[in-house]
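In structure tokens, one chain follows: the form predicted alone.
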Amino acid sequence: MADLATPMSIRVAATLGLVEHAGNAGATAERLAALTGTSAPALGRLLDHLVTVGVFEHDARSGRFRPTSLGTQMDEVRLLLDINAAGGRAELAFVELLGTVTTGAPAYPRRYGREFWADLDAEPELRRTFDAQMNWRFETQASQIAERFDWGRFPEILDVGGGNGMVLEAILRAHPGVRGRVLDLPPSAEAAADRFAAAGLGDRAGAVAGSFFEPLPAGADAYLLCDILHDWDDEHARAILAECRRAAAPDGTVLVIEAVRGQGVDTTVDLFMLMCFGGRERTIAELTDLAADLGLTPRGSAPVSDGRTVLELAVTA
């Protein structure tokens, strides 16, 4: 229970790309150190520990280290483990968890001096790795979301905070009669526009640079918030919903897609949301309560992908 050596060794190995560098043939500690710009004696000791925990194996005759089947799996989630990428960097803020539990304030600003979103704005590479991680998370789920919900009811969708457009692209591919736009900060909106152009969807899809805390483009039939509200505390989550409500057509709809407490959400993720953003995973009742006084009436909820639920909120007077 007190071991930090193993999880940190795995994260450092992923950050250095040791599995990729070693390959099936394996490599000596000296060769891996040369490839990664690290100290050979120190890297050798790291590799010895990775052998102990079953991530690498060591051939004493050749001196080569090779990834095991477990090590190969580690490389498949390298983006999540890389401590120089947005997600891995955020995970390291868990060392400040005591402060979060004591004060209720997120740990990320305590460790890095600014909020997570400000970090992404200031560091383009962090923004790129964040978008890549979102793509990884939705690689399977985007098509499920597109196929398991009747998006054809909504001629025009605004995907609010939709990143580089992966989910909206899947929806438009599955529903040829639907048009849509992504709204996100400029780097992500630009990436979404590029994605739609590359997919041949330029006549039905677009991107708008903006923030969901500011007035949104008005008149869409549905405003989609996919994995957005859990990043924020109740006050900010309510403000996002309020902007969607203000922008929606008189008979419009706000669609909230989240991992929902009580329906398979991992407590690890809930704790991460608190630590990193001051956000939280919520129940359907809690999501409904956020919208209760905003002129948004629940119309129902249902599973929309493996691990995610859609809550449909109708705009009312």
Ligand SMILES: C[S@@+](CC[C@H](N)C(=O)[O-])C[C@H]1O[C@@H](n2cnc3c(N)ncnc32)[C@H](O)[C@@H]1O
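Note that residue numbering follows the sequence shown and begins at 1. Only a predicted model underlies this, so the values are computations on that prediction, with no experimental measurement involved.
There is also a form predicted in complex with the named molecule; it is not shown, and the following applies to it.
Contact with the named molecule in the predicted complex, defined as any heavy atom within 4.5 Å, is confined among 210-218, 76-84, 94-102, 170-178 to 210-218. Think of it this way: in the predicted complex, the named molecule has a heavy atom of just one of L126, A222, I228, A193 within 4.5 Å, and the residue is I228. Contact with the named molecule in the predicted complex, defined as a heavy atom within 4.5 Å, holds for exactly one of A242, L201, A146, M134, namely M134. For the chain shown alone, L183 is a contact residue for the named molecule in the predicted complex, at least one non-hydrogen atom being within 4.5 angstroms.
Of the heavy atoms in W117, some are within 4.5 Å of the named molecule in the predicted complex.
In the predicted complex, the named molecule stays beyond 4.5 Å of every heavy atom belonging to F154.
Though the partner is left out of this view, Y108 does not reach within 4.5 Å of the named molecule in the predicted complex, counting heavy atoms only.
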